[in-house]
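Let's start with one chain on its own, the form predicted alone, as structure tokens.
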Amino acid sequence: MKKEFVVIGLGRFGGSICRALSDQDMEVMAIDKDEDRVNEYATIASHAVVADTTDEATLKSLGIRNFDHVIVAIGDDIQSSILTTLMLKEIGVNNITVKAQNDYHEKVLRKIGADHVVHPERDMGKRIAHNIISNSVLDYLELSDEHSIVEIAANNHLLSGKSLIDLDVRARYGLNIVAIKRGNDIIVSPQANEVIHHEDILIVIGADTDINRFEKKAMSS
């Protein structure tokens, strides 16, 4: 069965989530107080509704508790974001992801029961910083406050031509190479004797401090 989503707030972040879910052929209800924004997504989302989501009666009338996942992507109005999240919990929504503006906002959201809190601007900033600091780091995704997963290009002699046994990144850096992208192929859970080719992309998981040490070594070689 298709999953059903609600996206509340159709700014840049909410709008991009709405488009991405619709592109994956998911059922999406798009909600915003701004009629022009709602009209923009009328042909993209399954349903597009003008509504004030801080009003409990409105949320109930839209049947939102029956959806699998609600994404609260309200922009700068922190009060509306918090009230909407509170109302969603009150009516029994099981899975709520909320965009936070800052750490204080996140703290409040977690207190009132948000299941997932995201900081898209901050997280994207970290990803871009990693990408521009190192030519080797192609992508970066934070898994927790202390752990991440990165894509590292094997474009120097430290990596290319070596087997995973030779590199022994688990013993030396405390990292795990969980997959290797090679052209259009991906090798999941590569064997220890797998030799890394020039321009392979290593998908590495581990603690941020260990990843940083490995990045510096990769850059210096």
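Model, not experiment: these values are computed from the prediction. Each residue number is its position in the shown sequence, starting from 1.
Below: the form predicted in complex with a small molecule, not depicted.
Asks: Do Glu121 and the small molecule share at least one heavy atom pair within 4.5 Å in the predicted complex?
Replies: Yes, Glu121 lies within 4.5 Å of the small molecule in the predicted complex.
Asks: With a 4.5 Å heavy atom cut-off, would you call Asp168 a contact of the small molecule in the predicted complex?
Replies: The answer is no: Asp168 has no heavy atom within 4.5 Å of the small molecule.
Asks: Mark Asn155 yes when one of its heavy atoms lies within 4.5 Å of a heavy atom of the small molecule in the predicted complex, and no otherwise.
Replies: Result no; Asn155 lies far from the small molecule in the predicted complex.
Asks: Flag Thr54 as yes or no: does it have a non-hydrogen atom within 4.5 angstroms of any non-hydrogen atom of the small molecule in the predicted complex?
Replies: Contact check for Thr54: yes, within 4.5 Å of the small molecule in the predicted complex.
Asks: Within 4.5 Å of the small molecule in the predicted complex, heavy atoms considered, which of Arg37, Lys162, His69, Lys181?
Replies: The option sitting close enough to the partner is Arg37.
Asks: Among 184-192, 22-30, 170-178, 45-53, which stretch sits within 4.5 Å of the small molecule in the predicted complex, heavy atoms only?
Replies: That would be stretch 45-53.
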